[in-house]
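Single chain ahead, written as structure tokens, the form predicted alone.
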């Protein structure tokens, strides 16, 4: 059994889709939700579905012993970032080589990096006049949005699309593709 931890900072719509993907999966399951915010909506979701969770703010994430003990207690094998806003510490990347994945709501390397998340990304895409955008799923390294790309999916942007229209298109791609990409990666681990 592959135990997955989902790290999220917000409402957790991607976390919910990932959870739904793995509900009936015999070889993997969501074993832990981690949030850096004690008021994140994803924690309510975790409670509703009886998923253990941990609140690890920036100070706690800097404490390697605390974080690793939490992940070891839940026997975590794989980490999925789903709207997680903190930079993943180097010790965690070393402990989970090629086993931490992230999704970014644009076609990296465009519109990525520190401070580029959520509506900020969609507003930047609109301001740049891009005629397409999409999602990038990538392994996590020590820099924001610079890890090796796993997959990208694209969608067109109409000239009259607002940043919110772009958000909706991108979120539809996230919900359709991210859980399946994770499932494929987890299958490789379980072999």
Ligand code: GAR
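Positions refer to the first chain, counted from 1. Treat the numbers as computed from the prediction; the structure is a model and nothing was measured.
This protein has a second form, the form predicted in complex with the named molecule, left out of what is shown; the following refers to that one.
Taking the partner from the other structure, the named molecule in the predicted bound form has a heavy atom within 4.5 Å of a heavy atom of residue 13. Using a 4.5 angstroms limit between non-hydrogen atoms, residue 161 is distant from the named molecule in the predicted bound form. Mapping the unseen interface onto this chain, residue 171 counts among the residues with a heavy atom inside 4.5 Å of the named molecule in the predicted bound form.
Remark: residue 88 does not count among the residues lining the named molecule in the predicted bound form, judged by a heavy atom distance of 4.5 Å or less. Contact annotation: of the candidates 116, 101, 93, 76, the single residue with a non-hydrogen atom within 4.5 angstroms of the named molecule in the predicted bound form is 116.
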